[in-house]
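For reference, the chain that follows is the form predicted on its own, supplied as structure tokens.
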């Protein structure tokens, strides 16, 4: 059973990455694991999905100018020089938000021009946090990403060892999943798992696995569940009611703990 688990959750927009990230976080936490959920999506929906009140203000890391200046060193009177690999070991203790028993949330925030060679202080800091994810104190770190891996590709590759690539059964989503698998492998992420979400009852899982699973470490299926839409944005009622999706996520977590 691995002591440190570092997972990036990626996929085409709209396939359920944030919901899956929140469900996985709560299932790890129920097993007694200390979880850090990192919201890397500029839309910043993970807090509400985890069950934090939408009325609670959370300042994203990209907007914490004093911390950025402290760590990166770029600011008035410093000549524009930046520390490119700052020590960010204290970031969770300083800015992690409690999101349930054994769960903390770190909201990254949006960065203009991310992924296009940007060397702005905000991007430099956020990249350092992800690159050094292995050194964070939490046993499980989950990164919910925007669509694709482009924003923090190299940093994610250095800090994370497992990519859950989420798709539904649509042609576009499956095509994007295949491209993300290629990108993840090129970046050096060792394991890539295809998670097919919203699968209708009666679907031939084996046929889907044979058709779309080539090149992935494994393929997992999450059933279509009206509980998700009925209770959104929070997944807490979904877990409390024992909705069908929870057993599939519980099995996914067991697989991750067993090394897939």
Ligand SMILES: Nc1ncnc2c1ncn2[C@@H]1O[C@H](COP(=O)(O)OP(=O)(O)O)[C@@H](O)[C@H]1O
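All of these numbers come straight from a predicted model, not from anything done at the bench. Numbering follows the first chain given and starts at 1.
There is another form of the same protein, the form predicted in complex with the named molecule; it is not shown, and what comes next is about it.
This chain lacks the partner; the member of 42, 223, 60, 213 within 4.5 angstroms of the named molecule in the predicted bound form by a non-hydrogen atom is 223. The stretch that touches the named molecule in the predicted bound form, counting heavy atoms within 4.5 Å, is 191-199, out of 61-69, 30-38, 205-213, 191-199. The closest heavy atom approach of residue 47 to the named molecule in the predicted bound form falls outside 4.5 Å.
The named molecule is not shown here, but in the predicted bound form it comes within 4.5 Å of a heavy atom of residue 13.
In the predicted bound form, 17, 18, 19 are the residues of 17-51 with at least one heavy atom within 4.5 Å of the named molecule, listed from first to last.
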